[in-house]
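A single chain comes next, written as structure tokens; it is the form predicted alone.
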Amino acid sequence: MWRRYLLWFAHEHVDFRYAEMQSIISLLKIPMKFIETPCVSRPYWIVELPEEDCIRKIASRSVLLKNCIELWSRAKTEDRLHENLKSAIKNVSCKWIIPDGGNSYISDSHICPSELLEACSDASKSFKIDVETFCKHFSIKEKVEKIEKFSYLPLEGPVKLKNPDVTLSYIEFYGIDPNNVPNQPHDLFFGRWVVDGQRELIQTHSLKKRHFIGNTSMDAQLALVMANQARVSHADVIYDPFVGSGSLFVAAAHFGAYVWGSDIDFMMLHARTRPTRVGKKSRDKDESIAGNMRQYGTSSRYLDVIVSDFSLPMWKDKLTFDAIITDPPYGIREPTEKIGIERENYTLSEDHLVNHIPAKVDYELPHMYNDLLTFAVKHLEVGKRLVCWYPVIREDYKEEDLPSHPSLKLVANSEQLLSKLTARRLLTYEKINDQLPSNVGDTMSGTQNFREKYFASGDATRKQRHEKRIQEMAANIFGKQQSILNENDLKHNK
């Protein structure tokens, strides 16, 4: 018999919920039946799975899943919920009793088999009943009153409030609008708690606790979601071409992957940029991407990072990765650069080659995403995934303007709002064949005016502040790189 479960999600990043869950069940090859169509206006799903071990595997990966309950009863009113449970005690058919007509009126008419209750009725098993509400608060007295109404259940074991053998959950859902809470709940649920999701990882991997971070270090929760959507698994080799401070490394390595990355920013990869934490004037000596991996006990998963220009690929054609996970720069908080010079017929004398620092030009977003998708097709095996962020002006957004490639299928597209004007979308592509067309850049016109519209949307000083920041960063980088070269010259001369 397939078991029925209530999946309760944290009510944040709701647009990412379905994409993360589908990626996990496809990675683990777990079949899932939806009893009701998932809806973003409700923080729960009702599903059926072949066995309990399946939901435990799913929960071991998901950071958006709060907990999972083996569902015994669901109703629109409290009286009906208790009637369903009393009927379930007598249901010895070993299956759910569903009325003729399918899933209509599912809330009030489905009766669970008695074996679910009997499995918890052993006199040697301690138990407790938790009362939870969504969008409403109950006093301790009110919670006790509701618990006492379940006295008819065949629970023979002792009550134990701390670490019981069985935890039963009673949940009342009052909608998602805290400013318009109804007098009566929309839905009520009762069942056996099975397992929690991986929400604690958000605090464990929090940027507040991380030793080395940068201006655009990825939020811990979203980094873990990206790793899930990339279907990262044990012993995979993951590549991040815009690695920055390595936040995505931490998430991928947590799930057992080996991590490799590159970035054009020499100072960031060597942890010599200006600190981003308030009040801190200089970097600690042990700040680095490798230091972050040591902090989380995943040093053995760290392959290396290299300074390189992504627009000038250096990898052998036969090299493949198990996933590519990245957050390309958008040219707002971090510059988009590649090696180049705007002057024509530029030559460099041999005398200047020793201390030469290559000039950089703007790496336009359409060209960047063109290179990224082409690289993914070239260095991913069929069935593997590229997960990346893509900036958009919300009023101009059209799905047909998203980066595309005939060898890549867009399997997930979730939005994170940044402001009233802008957003970024987490795109998940899966490689479907090995075709390599010569150019796919014409399909990427949606990014052409992102920066121009971003700056035009704000006050006149926004662009000035941005340009000043870029100038300061450039001066700082040039000065530090020059001092490093001078130190190397001194050592060589000695």
Partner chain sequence: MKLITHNMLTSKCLKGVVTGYPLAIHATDVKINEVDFNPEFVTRIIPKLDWEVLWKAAQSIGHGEGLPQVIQPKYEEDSEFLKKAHRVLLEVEVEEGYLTCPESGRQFPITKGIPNMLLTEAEVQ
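Predicted model only: the values in this text are computed from it and were never measured. Numbering follows the first chain given and starts at 1.
Separately, the form predicted together with its partner chain exists; it is not shown, and the next lines address it.
Although the partner is absent here, residue 359 is a contact residue: one of its heavy atoms lies within 4.5 angstroms of its partner chain in the predicted complex. Its partner chain is not drawn, but in the predicted complex it has a heavy atom within 4.5 Å of residue 309.
When its partner chain is considered in the predicted complex, residue 127 lies well away from it, no heavy atom lying within 4.5 Å.
Although the partner is absent from this view, residue 140 stays clear of its partner chain in the predicted complex, with no non-hydrogen atom inside 4.5 angstroms. Taking 351, 148, 395, 344 one by one, only a single residue has any non-hydrogen atom within 4.5 Å of its partner chain in the predicted complex, and it is 344. Of the candidates 313, 113, 185, 197, 313 is the one whose heavy atoms come within 4.5 Å of its partner chain in the predicted complex; the others do not.
With its partner chain left out of view, the stretch that reaches within 4.5 Å of it through heavy atoms in the predicted complex is, among 77-85, 397-405, 362-370, 227-235, 227-235.
Contacts with its partner chain in the predicted complex, taken as any heavy atom within 4.5 Å, map within 246-269 to 258, 260, 264, 266, 269.
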